[in-house]
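Coming up is one lone chain in structure tokens, specifically the form predicted alone.
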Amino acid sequence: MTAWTSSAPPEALPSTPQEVRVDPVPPPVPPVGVRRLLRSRLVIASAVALGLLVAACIAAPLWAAAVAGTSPERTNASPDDTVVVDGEERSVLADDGRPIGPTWGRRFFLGADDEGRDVMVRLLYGGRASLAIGIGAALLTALLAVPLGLVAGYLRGPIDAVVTWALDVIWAFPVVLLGVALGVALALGGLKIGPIEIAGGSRLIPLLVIAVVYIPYMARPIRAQVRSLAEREFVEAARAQGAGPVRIMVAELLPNLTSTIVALVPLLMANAILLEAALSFLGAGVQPPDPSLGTMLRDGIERLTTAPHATLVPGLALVAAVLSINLLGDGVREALEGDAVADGS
């Protein structure tokens, strides 16, 4: 047996191991849509504005207790209730009932309403209620609409017919009319389903009403997209591997609906906030004395000419909240479309 020997002379063999050059790994590059989203000044400004609105509403108890020294329900309708403005003591309500305007001070920063309540305090608490109801209703709508759209679009047959019929019935009614009808009925008698009981004056009533009213506006697009995706090759491959309907809907179809859901939820939030304001303005939403943007608009509309601040302040807050959510939602949708185009290319 011959031993293996190197043909190179001993002095030619390397005495130390040779260094292996490893190129540095480049940092991960964000997707095209994310970069486009971060470059959009309008989207960034909308996100900042919405964040400031949410933060201000969350801090409502702090402003009421530490700055204004009052509560959203406390009235100052007595002639003895006064406030110092520029060193001069003035009544909160004039003899003719006209409320004081903005003082830009600690108390009545944005003025008072026709009952002598601090508009700034009620604005923060009212915005808190409107945002909570709108965001909660949109999330509940998504939670109910996505399964309905998945089941109806994939299973088809009698289940699809029943679900589609129910969605069409809700769709046939004007949103505000249906919301007012349900809101008034539930506000008077409350809601009781088995062990669950909700009082008529609870804020959960307008939240549930808005969530139910907007189910078709999300379930129908989801159903249509599921019917299209069900004919794709990856679904056929999952069926060939023995996957059942539930697994296909959850593991195969639902991930492909993410962009649609993310694009629809901000739109639903904005519409839900508007509908809450409309219902509260008409007396079918948040019930007095609890404040919301809609109830503040209703209270201030009676003195639009003598005390316009009582109407303009909640109106501008409503416009700012809805506009910032819409612009942010548009930016997210464009970002997702950019990612889809990049993936397709």
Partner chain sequence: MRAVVRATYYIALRVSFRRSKLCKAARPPANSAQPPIVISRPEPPLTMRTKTIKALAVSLALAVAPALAACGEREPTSGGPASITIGLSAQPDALDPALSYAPEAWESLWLVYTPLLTYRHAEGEAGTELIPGLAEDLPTISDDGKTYTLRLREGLEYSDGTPVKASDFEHAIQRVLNLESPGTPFFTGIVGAEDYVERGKPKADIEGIETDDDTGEITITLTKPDGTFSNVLAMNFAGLVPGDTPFEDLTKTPPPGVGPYELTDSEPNREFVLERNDSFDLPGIPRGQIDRITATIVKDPRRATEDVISGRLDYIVDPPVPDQLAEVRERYGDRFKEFTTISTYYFFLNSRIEPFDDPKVREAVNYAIDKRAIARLFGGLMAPTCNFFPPGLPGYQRLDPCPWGDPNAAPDQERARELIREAGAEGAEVTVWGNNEPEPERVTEYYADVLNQIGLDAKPKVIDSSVYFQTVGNERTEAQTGFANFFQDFPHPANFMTVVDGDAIQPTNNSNFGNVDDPEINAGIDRLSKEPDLRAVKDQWAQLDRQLVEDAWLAPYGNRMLTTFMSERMDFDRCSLVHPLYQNDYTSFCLK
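For clarity, every value in this text was computed on a predicted model and none was experimentally measured. Numbering follows the first chain given and starts at 1.
The same protein has a further form, the form predicted in complex with the partner chain, not shown here; the description that follows concerns it.
Residue Asp80 is the only one of Asp80, Glu236, Glu89, Glu197 with a heavy atom lying within 4.5 Å of the partner chain in the predicted bound form.
Of the residues Leu110, Val146, Ala187, Leu124, just one reaches the partner chain in the predicted bound form with a heavy atom at 4.5 Å or closer; this is Ala187. In the predicted bound form, at least one heavy atom of Ala94 sits within 4.5 Å of the partner chain. Contact annotation: Thr75 falls within 4.5 Å of the partner chain in the predicted bound form, judged by heavy atom distances.
At a distance threshold of 4.5 angstroms between non-hydrogen atoms, Ile301 is in contact with the partner chain in the predicted bound form. For the chain shown alone, Pro61 is not a contact residue for the partner chain in the predicted bound form, no non-hydrogen atom being within 4.5 angstroms.
Heavy atoms within 4.5 Å of the partner chain in the predicted bound form are found in exactly one of 253 to 261, 94 to 102, 124 to 132, 205 to 213, that being 94 to 102.
Residues Asp114, Glu115, Arg117 are the ones in 113 to 128 with at least one heavy atom within 4.5 Å of the partner chain in the predicted bound form, listed in sequence order.
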